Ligand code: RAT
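Starting off, we have a lone chain in the form predicted alone, written out as structure tokens.
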């Protein structure tokens, strides 16, 4: 095949292959849908435009000295969206990736990206049924499964699980047990567990290990979770030189339980929370993390499987090299601040060169339902460019490349590598 044919085959394979999105913050409609006050499924034009990426961006051009943070948060969702739309889309050219993503999303839904007001879009979304809208978005994005993030220490979500035994029964969605406080704030986790009737102590004495494992086991069963996940700061180390409680949580509680159950542990490392607290979710930033911590975990716990993504660009090469040394480490996605075309392209090229097909190029990390549309549309375009180049280089060696080879590899990248890793025992 020549370069033109290769690019055509790659593009068709990417367009036709259903995607399993292995990490999102999207919920099934069974959790309630915005604009319900307690609805966890976020969707619609106002949620899209007020996403925290755009909140941070608008404060670059309308600073807090002009619009104080507390005044912005007191505004209605629609007023916030109108403010962002005015300053980032109408008074400036919407060239950032977050802005372009909104326009791609609007177009994929068959609406007019050039519409100057949000009112027509609001009226259209108001006519949609959330459950049917999920189906439509998944069909357009060609996503066959959405992996949720289910934070058991979030009171609102926890109560929903406890009050509805059918909450996790939507076949379109898979649950993931998110347990950040157990590794980031053990004293607070102990306080919460004790208040829920589990016999745990901060010093790990008594029945702490058994009771903490009972807590995790109950929630894994209740959610039918396919893996356990945490987001960790750049300062995470293993072993921790200061003897942090996270060492014992991992060694004595979490990893033995996951090995017994054959479930992976996902670590998203490098988020430094609330450097600007007034911006809420928009106030987080990234930091360079310790990859030796990942290597140490993979080495010390060979029966466990680790899904890892890291937030700092500076970590990506060393993480790839670590993955070459440990078969129980699966690198995935370009997370958060890395979810920009130039960085996705650079990182994906490097991963192909070092890891072949044994990684997952992307996850959407979407918090708003319709973000699936632009994130996967943009990702497919980048993957087509990178893969076509790599296959052309391979064909130039004389290797007999076939369309079926490309289709198989695309299936691995977008679906099967993750499924095989999760199901491994």
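Positions refer to the first chain, counted from 1. Worth saying up front: this structure is predicted, and the values here are computed from it rather than measured.
Unshown form predicted in complex with the named molecule; subsequent notes refer to it.
A residue is said to contact a partner when one of its heavy atoms sits within 4.5 Å of a partner heavy atom; residue 365 meets this definition for the named molecule in the predicted complex. Proximity of residue 72 to the named molecule in the predicted complex: non-hydrogen atoms within 4.5 Å are absent; the residue sits far from the partner. For the chain shown alone, residue 204 is not a contact residue for the named molecule in the predicted complex, no non-hydrogen atom being within 4.5 angstroms. Interface residue remark: residue 351 is not counted as part of the site for the named molecule in the predicted complex, having no heavy atom within 4.5 Å. Put simply, of 236, 125, 227, 335 only one has a heavy atom within 4.5 Å of the named molecule in the predicted complex, and it is 335.
Listed residues 43, 391, 53, 359 were compared with the named molecule in the predicted complex; 53 is the one with a heavy atom within 4.5 Å. Only one segment in the set 314 to 322, 335 to 343, 204 to 212, 94 to 102 has any non-hydrogen atom within 4.5 angstroms of the named molecule in the predicted complex, and it is 335 to 343. Along 224 to 248, a non-hydrogen atom within 4.5 Å of the named molecule in the predicted complex is carried only by 231.
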